[in-house]
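In the structure tokens that follow, a single protein chain appears in two forms: structure 1, then structure 2.
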Structure 1
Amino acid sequence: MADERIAFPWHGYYERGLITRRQFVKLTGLFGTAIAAGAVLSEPEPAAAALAPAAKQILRYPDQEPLHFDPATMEARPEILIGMALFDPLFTFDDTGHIVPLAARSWDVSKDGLTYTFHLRSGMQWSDGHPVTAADYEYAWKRVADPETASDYASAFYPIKGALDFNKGKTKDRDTVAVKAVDTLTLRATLSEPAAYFPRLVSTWNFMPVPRWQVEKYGKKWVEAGNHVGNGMFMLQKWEHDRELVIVANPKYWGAKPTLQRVVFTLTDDPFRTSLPSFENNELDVTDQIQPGDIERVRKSPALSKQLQKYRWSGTAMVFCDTTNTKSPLSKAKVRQALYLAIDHKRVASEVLRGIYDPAPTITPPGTIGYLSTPPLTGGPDRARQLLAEAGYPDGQGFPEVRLAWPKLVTFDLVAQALQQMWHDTLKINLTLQRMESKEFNAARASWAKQPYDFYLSRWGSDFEDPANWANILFDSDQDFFYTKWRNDQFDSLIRKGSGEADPAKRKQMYESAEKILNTDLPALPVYHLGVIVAVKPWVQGFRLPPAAAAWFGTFGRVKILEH
């Protein structure tokens, strides 16, 4: 997927005397030609190649404290970004977004589309020297489906025959899950029905193997440094919680070794507030944590503006509603519709978030099948007020107190305050804001699986760019990832047929129809589509972030530090 670069990094190289004027002119000419041809702009490899690599290949990067690096339960950005460096999935993606083998050297699919056979590479080792086998994958996959693991991603395994019944407790026999190590290097999985997206699904982190001997020896503490074992390009060397985490190159890795010797992550509770000053002081080499309040200063800075890269991040920030809490007005579709129409999406993106993100009038992001460029609900503030009156709250009269919760994050702080103001100005309703520490929010969100709530602000980024990763994982009433408890039988029918539909045109039509239902009933109110602006020092070569998380494998494996 194309990277949308907003500055030419080699300007900085030229100004600092790191490349000649001839090299600069050549690069700029190449860039102009590429743009004219509609080509994707790649990293400035020619300029970087002219510079010597640094003796110390260390990348310094800021992030939030991750929860852990257990593929079975990883689900948030910090652990996924690092976790994809610690483990190898069966497949990954090339620069054009196509599936390519990684831990699997090849795979076969039966004619009926139900049975997948994966052939692993020989000679792969875990970071402690154990051989990587098909049995490691079988154990890992059944472990995610096991209800005792309590993985929020267990539903990702439901396409595999028997996984749903095992996860729902209809049987306690894990061997009813149809995944089997046929021999040391052959893994076979049988699906309940064809799933066109299955190869993309198994490229995600939940399908990565885990070291059974370490899991059974250390229990939940197997994820700590010293206990952790992976099969990826890097391995976990140090984890001083809430302060610093270090990964180093894995000497037993089967594939090409990374140039980086180590990546040092500075962990803070809110890196949006702290990482830019550290970057400017040369204490960090890269930061993708630039808060909206700083973006204008960064763009106007002669030095910083040349170090910016902007990427599309396939995702959407949304307000998730408890549609079954009858004590809350959010259980009424007309109230949710009124709130949606009272949001000025363009103003949120441009004024509140300073253009870092894009307006999101619909839920599924651009680039994904089913995306709607035009929302089914229209009418703006006037229609919003009319819908609120029809729901029983004319001019906001009688509207009870509702609580909007969110995890501590500066962008969510700004958006929550903006929504509070917009809904008060348009609908005359008052909102109680509840900003929570990350751990507190995670615990609260887990409780909302069974406990009633009003609504909360969160976001979802594509694991892989396919509608099954949105409609089926998040809003199928049997899966309900965000606990909206929403059920629509027509929607369920469309997306369940769509997940296995082999005809691309029919599949697109099914998901677009489902998306219209979703964006009319609105168990979640879309607010903005995600994006990321990264500041990269000129001595960092090869850093980029693909739009979907499953493609983050290799993010640190591509990086080289140049002399500076």
Structure 2
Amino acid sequence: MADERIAFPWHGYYERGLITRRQFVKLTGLFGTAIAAGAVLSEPEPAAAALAPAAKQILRYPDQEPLHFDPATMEARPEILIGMALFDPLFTFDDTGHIVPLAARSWDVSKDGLTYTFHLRSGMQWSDGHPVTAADYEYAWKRVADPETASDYASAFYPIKGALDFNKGKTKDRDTVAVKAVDTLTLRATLSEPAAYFPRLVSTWNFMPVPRWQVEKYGKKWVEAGNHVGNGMFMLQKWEHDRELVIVANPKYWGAKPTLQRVVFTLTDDPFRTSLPSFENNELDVTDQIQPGDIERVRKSPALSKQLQKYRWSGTAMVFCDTTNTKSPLSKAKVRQALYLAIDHKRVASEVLRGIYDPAPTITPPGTIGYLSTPPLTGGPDRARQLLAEAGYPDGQGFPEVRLAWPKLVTFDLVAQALQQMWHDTLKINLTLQRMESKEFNAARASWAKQPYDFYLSRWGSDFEDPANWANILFDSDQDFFYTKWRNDQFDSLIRKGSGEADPAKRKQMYESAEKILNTDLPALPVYHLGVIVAVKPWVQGFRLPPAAAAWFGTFGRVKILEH
């Protein structure tokens, strides 16, 4: 294409001497200007002119069968994605990741950082016409902390004073949980210690309100279509289990009405395998479920390749090491550093994972406070070999057998094999691979809290983009979420102070310092940051998936369907 010359009609005239060179240049210039002007003027036209009528504002999207839309016990993608269209959290996030008010119009924090007062918007209604009040939030929050509810996410409420004791059953009095509706539009929560991340935490789905009258009337059946009532932009219209779920624009919604009138979710257990064929057969408008095995074919397809979009997903896949198992060389920081430096992160991301995911030279993902754009450790394979020698294994000699385990997942399978190869090529060490069924793996991992192991592959994704959702959960030595048994007092002190620090600049500095310690001592070796490839039909405008689940609110509110 680049070699082809554009033959203007007047080119022949010039060659035959019928027009002068000056006239030829003028004509060409005029022609070029006209084309450029036309392009500029006509560019927005297809989008503006071709918006489909309201009756056609329907988006067809694949999802797994959700369990329910009860904010108290929602925990996985299918529920959260739809649930955040059915309910308004207090806050949501803008495109830069900053908090913006939603159901709450503002909030105050007491000087000691312990009391948060949320002021709700006035005039909000539930989809059945009830007014939305602070009491709805109070009821909902206490309900999650209630041991009877047995919510997986009850621990997210532990920062609130009294929530842990109530959840433990130490008291039966739910009013000991320090959440109170001061009046119809004011909600107050008191924390047991300062937590600067609290506004981000309350933006997550488990803090959304529930309609008490429906819960009490229908019990666990309140989540079915017909009984379900929400306060979000959309409402649940139809739910044929395992077949189809439909949400429609909520006419009682307080805010801007979405252009999209309906979202029809095709429900399937295995969207990874079934949604791409359905997308190709025009049964779906969007799919975010494309497996690595399909990527090459999709990229080579002239039509499909133009319909792909790639998004950052706030998460990291890491190799977690047992730092106290003295029988394992991985207990030595130098060995972990050598292994880290011997990983070719770019190659893993581009070749092994086909560019779906991005290289992760550091643990905390971009977009989160504390993220380091350059890793503290450098030097590549040469430094890796040197460190391994310093650790007592020159050229890999004497390096005992170590076992890398992971739960069955296509990307982990590929990555584990690549790591085995890279470490063998660079450090001349051998690795035993142990792929496990996920439940078997989880049972094994639970036992690693007390028993020794070498290392395993796992990943963590942000619920909300804040270091409290990373450093404080995953690597605080008291929490030890991934059983690395790593302890670093300086790190602990930094992140514990950081979680309550109200000054954003100081907070950032603390978490960056903590991140440097973490990425130098490496209880976990970062491998790749998560991402998602989405296929979108050309007539779908405005679709994008924010990088963390707490920001999914508004995903369907932005979408418009063009005439097609």
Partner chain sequence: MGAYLVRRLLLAVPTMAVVYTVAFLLVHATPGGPWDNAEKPLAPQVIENIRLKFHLNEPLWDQYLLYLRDAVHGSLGPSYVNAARDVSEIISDFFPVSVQLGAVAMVWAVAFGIPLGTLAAVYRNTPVDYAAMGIVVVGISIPNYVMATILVTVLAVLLHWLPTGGWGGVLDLRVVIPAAAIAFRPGATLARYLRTSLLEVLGQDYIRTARAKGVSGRGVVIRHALRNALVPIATVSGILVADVITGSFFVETITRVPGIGRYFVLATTGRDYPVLLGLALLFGVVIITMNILVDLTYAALDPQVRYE
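In this text, rigid core is short for the largest set of C-alphas that superpose within 1.5 Å between two forms. Sequence positions of structure 1, starting at 1, serve as the residue numbers. No experiment lies behind these values; they were computed from the predicted model shown.
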{"query": "Correct structure when looking for the form predicted on its own", "finding": "1"}
{"query": "Among 386, 497, 531, 431, the one marking the hinge of the rigid-body motion between structures 1 and 2", "finding": "531"}
{"query": "Rotational displacement of the smaller rigid part between structures 1 and 2, which moves against the larger, in degrees", "finding": "30"}
{"query": "Core-aligned Cα shift of residue 477 between structures 1 and 2, given in Å", "finding": "9.0"}
{"query": "Distance moved by the residue 355 C-alpha between structures 1 and 2 (core-aligned, Å)", "finding": "4.0"}
